[in-house]
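The chain below stands alone and is given in structure tokens; this is the form predicted alone.
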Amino acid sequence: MRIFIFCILLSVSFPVTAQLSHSDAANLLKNKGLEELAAYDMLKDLTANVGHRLSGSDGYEKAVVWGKKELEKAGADSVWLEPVMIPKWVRGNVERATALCGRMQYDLTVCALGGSVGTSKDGIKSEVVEVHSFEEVKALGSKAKGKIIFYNRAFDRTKVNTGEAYGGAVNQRTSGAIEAARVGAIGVLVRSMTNAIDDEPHTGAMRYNDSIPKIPAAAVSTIDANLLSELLHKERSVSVTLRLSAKTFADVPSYNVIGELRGTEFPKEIIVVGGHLDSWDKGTGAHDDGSGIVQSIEVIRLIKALKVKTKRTIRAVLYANEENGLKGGRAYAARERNHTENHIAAIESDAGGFLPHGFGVSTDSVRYEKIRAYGSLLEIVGADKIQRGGGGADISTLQSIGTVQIGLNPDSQRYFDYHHSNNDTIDKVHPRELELGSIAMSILAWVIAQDGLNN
């Protein structure tokens, strides 16, 4: 009789889990995620015990160890490190700027832009010229020779999506030094990339052209950018002394960190979830991109907890060096181009751990409509807004092999208040908002892993 009852129980329990519906899975993922809020606990640990994770730093190497351990704890079927060479740039201890206007002297709050060359011990000193576009720089011609160019193009506040405002201003940070050097300038100051009016400078990547002189570049806080602009409008001549001790070293070896749940029916069809493990050395990279990292690990943990194997493989990739080189994304994509796996979709979280609204999707119309239909499942976490156009810097490297690009779209209003600055710390992250993003990614990864995208 006991054997008979046991057989009945088996016939009842196994079909329920083996045939888990998308709706049931979504609810289970939601409930477990919100009950435990594990993503926030991971993020607290990452920011407190690892801290900032600039490529090439000891902090990044600690993060590699941390990421491998957390993926193993999450229950990944396999976890490994993928070698990659990454840049090493060190900010140094000196970041000072002083404006002289008549007999008045003003200390400006600045920080070196990522990749900037340093100055001599005495710094550079010259008259400042304010501009708002590269066209204005070009128009200066010989008048720019020996000057410091001050880029003061603010975010367009009429943009509801602050990412669009960032996109409309950021080229003065990334390419400003190149354009200024073309006309003979000896340095640049760049208004911080933020809507916030405060005294925190925001760093970020900048580039050089090897055929043009490399000149020092620093971000200036928005409060001091406004001050400097006011001084220039009142006086004919304002000079600035800028001192930076930044230095670039040879590339160093490091790793992407990877963990996966192996698919049962189509294990070589891969759904990537990911973010970048590195961060700038301002703050502790809580939103950028600690949030995306812990959300990707949480996808593994939540789906593992369903106790139902997915048909396709779900792989979390914690990318190296997104901030100042994209070496991790390129290394991963190069490996996959020479591999037998088929990366059918990639979901990236790199817009902060705020309340998720939905996903942006870049693919053909057929696959886009299939993903859009999953919006009804995502309604339970308020992330049902599926729109065209999306992805992320790291997963963009997979686009050439046909991988569908998907980016998590959280609320954007506060992100650039913190981005690349000392403000990017754990106290700016809400545990439930962060977890809801994890759940949304988990639901979408689950349904794509079960259904595929080709039928």
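Please read all numbers here as calculations on a predicted model, not as lab measurements. Numbering starts at 1 and follows the sequence shown.
Another form exists, predicted in complex with a further copy of the same chain; not displayed. Remarks below refer to it.
Although the partner is absent from this view, Arg432 contacts a further copy of the same chain in the model of the complex, with a non-hydrogen atom inside 4.5 angstroms.
Under a 4.5 angstroms non-hydrogen atom cutoff, a further copy of the same chain in the model of the complex lacks Ser211 among its neighbouring residues. Interface residue remark: Ala225 is not counted as part of the site for a further copy of the same chain in the model of the complex, having no heavy atom within 4.5 Å. Within this chain, Thr158 lines the site of a further copy of the same chain in the model of the complex, having a heavy atom no more than 4.5 Å away.
Residue His357 is the only one of His357, Arg153, Arg243, Lys88 with a heavy atom lying within 4.5 Å of a further copy of the same chain in the model of the complex. Contact with a further copy of the same chain in the model of the complex, defined as a heavy atom within 4.5 Å, holds for exactly one of Val65, Leu34, Ala48, Ile401, namely Leu34. Annotated contact segment (heavy atom within 4.5 Å of a further copy of the same chain in the model of the complex): 349-357, selected among 253-261, 140-148, 349-357, 275-283. Of all the residues from 410-428, those having a non-hydrogen atom no more than 4.5 Å from a further copy of the same chain in the model of the complex are Asp411, Gln413, Arg414, Asp417.
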